[in-house]
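A lone chain, given as structure tokens: the form predicted alone.
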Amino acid sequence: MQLQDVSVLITGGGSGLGAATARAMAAKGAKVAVLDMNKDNAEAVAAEIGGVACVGDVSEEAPVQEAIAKAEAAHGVIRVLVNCAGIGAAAKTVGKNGALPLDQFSRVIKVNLIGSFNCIRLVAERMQSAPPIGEERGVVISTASVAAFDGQVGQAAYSASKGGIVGMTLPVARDLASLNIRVMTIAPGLFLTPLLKGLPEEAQKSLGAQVPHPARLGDPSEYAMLAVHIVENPMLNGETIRLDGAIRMAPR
């Protein structure tokens, strides 16, 4: 699918990987709607790319439905969904203060995993109503993490949420195949997102040195490049691609 004049919804599009993808797809001629919890960030990115800003929690049905309606009113039926919204909270299963509070674990699962599925199911429902463009009606890209495979100390909740995204990629692709909708997942390694940008430069360099090649932190534009390629390559379906410079995370 070519991105020119195609309606795109990007969750978590106000910063980091999502913002980079919004810019890259807009540069290809896509009509992009940015959904983010941070209103200022969503509006800033949307203004920069000539898109639409939406605000809401991806794990709740009502705000996602509202975002879909707003995006489609401006750009037509959504053809590409990119799930970049997510949270992380480092905490051991049993730490100094006892067992990990269940609500903390549940919140990460709700936003990262249930939020991704929530957006997929609601957008795919709309995609099915659109006429095919060539061989397909739409493309879904979700964001996992190398933590899905190499979870570190304190990453039980985060790794579980991202592992769930990996695990549902193939069955959802199979579910939606009859509707001519492709489903893919990207599992990034160490990328220079807002979280890592907050670290001292020496800490950033130290993390980047752990990557075999290239020995640096990934740039969000490199995630965006892959997301664009996935949309444009019709044989990519039902798979998770590690985008990590061959890193395999140590326990800590």
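Numbers follow the displayed sequence, beginning with 1. Remember, predicted model here, so these are calculated numbers, not experimental data.
There is another form of the same protein, the form predicted in complex with a small molecule; it is not shown, and what comes next is about it.
Scanning Asp57, Asp40, Asp219, Glu48 against the small molecule in the predicted bound form with a 4.5 Å heavy atom cut-off leaves one residue, Asp57.
Using a 4.5 angstroms limit between non-hydrogen atoms, Ala85 touches the small molecule in the predicted bound form. Gly189 belongs to the set of residues with a heavy atom inside 4.5 Å of the small molecule in the predicted bound form. Within this chain, Val231 is remote from the site of the small molecule in the predicted bound form, having no heavy atom within 4.5 Å.
Taking the partner from elsewhere, Met127 is found to have every heavy atom lying beyond 4.5 Å of the small molecule in the predicted bound form. Exactly one of the stretches 91-99, 177-185, 143-151, 68-76 approaches the small molecule in the predicted bound form with heavy atoms within 4.5 Å, and it is 143-151. Shown here without its partner, the chain carries Ala30, Val80 and Gly134, none of which come within 4.5 Å of the small molecule in the predicted bound form through any heavy atom.
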